[in-house]
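Listed next as C-alpha cells is one chain, alone, in the form predicted alone.
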Amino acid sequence: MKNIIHTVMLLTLFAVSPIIVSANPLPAYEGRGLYVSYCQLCHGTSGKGDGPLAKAMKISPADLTTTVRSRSDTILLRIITGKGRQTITGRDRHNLLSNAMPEWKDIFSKSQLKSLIAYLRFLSSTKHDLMGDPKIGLQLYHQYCQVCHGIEGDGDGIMTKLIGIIQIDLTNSNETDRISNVDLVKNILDGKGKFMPAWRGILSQGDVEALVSFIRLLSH
C-alpha cells in the first residue's frame, strides 16, 4: 500500500512539473511533417504513389512502400536532391524512379533530409497505420508518458529510475511492432501490469489514437 501511495504522489508531482521536451526533433516525426507538406500530394498518404496531384497530372510516382527498401540512404539522398549520377550508366539518380520527381536540393537541409528518409523507412517497413495525428500525440506523450518512458521513448524516465522498473523500449521496432494498434490503445486506456496506469477518463479515444501514432514514429 505504501508503494502505491508513493507512486501516486510522485505521479501527481510530475503532472504539475514543467514538461521537458527533447531539443532535437525526433527524425521520423519531423520527417512525417515534411512528407505531408511536400511529398504526400504525389506519393499519397501511405506512400503508394496515389496522391491527388499525381492523378491530376497523370503521372505514376514511385511506390515508396516497396522501392525504398532496396535503396541505401546515400541513393535516396541523391534521388530526393537530384545530386549525383549512377556510376555505371551515368544516368541521373534523380530520374531513377520518375522523370516528374522534383529536385529538393535547395529546399531541405541535411538534417531535414535525414528526417525525411527516416519517415520513408517507416512507411516502407511499418505493419501498422497511423491512427491519429502524431502532432497531438507528441504533446500528450510529453505531458503524460515521458516521466516513465523517457523523453525519447527509450524507457529511461525519471519515474522509472525512482521506482526501479524496466520499461518497454519504444524506440525498438522489434518490440513495438509485435503489439497491434488495438492492443496499444487498450493498454493505455485500461492499464497493464502493476505500474502502467489506466488513462481512461483522462484521455479520450482520439487522444490515445494520436498518442499511438506518435509512439509508432519513435522507433524510426
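Remember, predicted model here, so these are calculated numbers, not experimental data. Residues carry their position along the shown sequence, with the first being 1.
What comes next is about the form predicted in complex with ligand HEC, which is not displayed.
Peer 1: Candidate spot 56, 138 and 204, all three in 4.5 Å heavy atom range of ligand HEC in the model of the complex?
Peer 2: Judged in the model of the complex, none of 56, 138 and 204 sits within 4.5 Å of ligand HEC.
Peer 1: Which one of 71, 114, 83, 128 is close to ligand HEC in the model of the complex, taking close to mean a heavy atom within 4.5 Å?
Peer 2: Flagged contact: 71.
Peer 1: Does residue 122 reach ligand HEC in the model of the complex if we count a contact as any heavy atom within 4.5 Å?
Peer 2: No, residue 122 stays farther than 4.5 Å from ligand HEC in the model of the complex.
Peer 1: Just to confirm, residue 100 within 4.5 Å of ligand HEC in the model of the complex by heavy atoms?
Peer 2: Yes, residue 100 sits close enough to ligand HEC in the model of the complex that at least one of its heavy atoms falls within 4.5 Å.
Peer 1: Should residue 165 be counted as a contact of ligand HEC in the model of the complex, where contact means heavy atoms within 4.5 Å?
Peer 2: Output for residue 165 is yes: heavy atoms within 4.5 Å of ligand HEC.
Peer 1: So in the model of the complex, does any heavy atom of residue 158 sit within 4.5 Å of ligand HEC?
Peer 2: Residue 158: no, not in contact with ligand HEC in the model of the complex.
Peer 1: Using a 4.5 Å heavy atom cutoff, which residues in 188-203 contact ligand HEC in the model of the complex? It's fine if the answer is none.
Peer 2: Counting only heavy atoms within 4.5 Å of ligand HEC in the model of the complex, the contacting residues of 188-203 are 188, 192, 193, 195, 196, 197, 199, 203.
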